[in-house]
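A lone chain, given as structure tokens: the form predicted alone.
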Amino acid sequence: MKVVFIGHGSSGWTAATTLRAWDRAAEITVIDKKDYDAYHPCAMPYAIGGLWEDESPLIESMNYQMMKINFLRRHEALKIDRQNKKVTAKNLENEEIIDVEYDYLVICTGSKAKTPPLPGIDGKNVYALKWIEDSARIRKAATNASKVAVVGASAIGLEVATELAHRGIETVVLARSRIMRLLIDPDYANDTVKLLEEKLPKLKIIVGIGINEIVLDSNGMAIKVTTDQGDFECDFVVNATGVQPEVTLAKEAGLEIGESWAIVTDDELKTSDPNILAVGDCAETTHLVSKKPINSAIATCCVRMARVAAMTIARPGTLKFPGTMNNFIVPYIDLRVGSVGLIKKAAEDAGFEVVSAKIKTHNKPPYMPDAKELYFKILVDKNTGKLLGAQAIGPDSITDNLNVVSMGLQSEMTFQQLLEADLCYAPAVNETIYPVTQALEMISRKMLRRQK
């Protein structure tokens, strides 16, 4: 059996290695443009912040020779010929064109940075953060910078901004809409801005601003960003307006593209061509709560998809991919912001009548000297009591609380059922009554009042 993978990010290498673990005889070929094996993009902001001297700790070598996987590094896939079941690729070192036959093809082309139609966005010192090379350029530019402008307020953009501000660089975030608008509710977005600006005096976040132009000098270097609220001088600019699925090859091959602009897949990750699968940032799946199409660019979703795709090929029918909730958590220095399930607007758009409760508490009993404030919000459906989502801001322990809700969501639990959960406790670790439980108790009171 011949299996070809296009792309070698988190989903690509997970799918390829999982397939090899389950099928020792398959002829596996990976086509990838990079000149290194794999990298860990989620950790790039830490490199920009100076956690390491360079990006080398984020690059990982795969022992594909031992696994008998044919890795065509520095090759670009040019065309998918579905009728003859082959991929045409070009060797980027010598321009040689080759054809690679397949029985199954797995598209792992990932995503690409959005480029807004903004004058000056092509400046020499205007950087998006997508590849290791981007991280290195931003890190080096920060060495001699005193002022930086970040255009857009995506999660990764804010992460880069906080790392730069933490280095002592005057950093301004300029965004047309609120921060992480698809990931957290407006009130928690406002709370996050306030907490970050209090924590980082060098950071300023301005939302609801109209951005006119990135002004370039005669050498093509960005020197300032003009807006409807004034001009902001800078030594370089970070474009953080988000990413979009990379589906060029899939579209040219005639595969179905969905509402989220990603490749439509079923619960086995098969596309509209049963011999072609798609996983990761380029694939569309279903939101587990809203039941609507979604394209998730979250690493954990990519890896889960990859395992299922590999099993679809190696052991058909043994695993299914039910969908995702697009769960995320982002660290901003020592402050974490996370969300699971639906935010309020998404829940209302899906037809739910939302009841929510939010609390401000601590991660540990207040008498503990290292106790920290923690914000937690939970959303449920008024008519059924089923969980819809949760959001949190605070220290590391928000992960535990959000994961509790995530498991409840996946099991389609009601708030009453999750309220009965038996959880661990020790004063040095967490509160006696978990923040998630405190929020659920508030929901319980609200729901009982509504029933009277």
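Throughout, we count residues from 1 along the sequence that is shown. The shown structure was predicted, so the numbers you read here are calculated from the model rather than taken from an experiment.
What comes next is about the form predicted in complex with a further copy of the same chain, which does not appear here.
Looking at a further copy of the same chain in the model of the complex, residues Ile80, Ile97 and Pro293 place no heavy atom within 4.5 Å of it.
With a further copy of the same chain left out of view, the stretch that reaches within 4.5 Å of it through heavy atoms in the model of the complex is, among 348-356, 373-381, 300-308, 197-205, 300-308. Taking the partner from elsewhere, Ile69 is found to have every heavy atom lying beyond 4.5 Å of a further copy of the same chain in the model of the complex.
Using a 4.5 angstroms limit between non-hydrogen atoms, Arg336 touches a further copy of the same chain in the model of the complex. Although the partner is absent here, Ala38 sits far enough away that none of its heavy atoms falls within 4.5 Å of a further copy of the same chain in the model of the complex. Using a 4.5 angstroms threshold between heavy atoms, Ser411 counts as touching a further copy of the same chain in the model of the complex. Although a further copy of the same chain is not shown here, in the model of the complex the stretch 403-438 places heavy atoms of Asn403, Val404, Ser406, Met407, Gly408, Gln410, Ser411, Met413, Gln416, Leu418, Leu419, Glu420, Ala421, Asp422, Leu423, Cys424, Tyr425, Ala426, Pro427, Ala428, Val429, Asn430, Thr432, Ile433, Tyr434, Thr437 within 4.5 Å of it, in sequence order.
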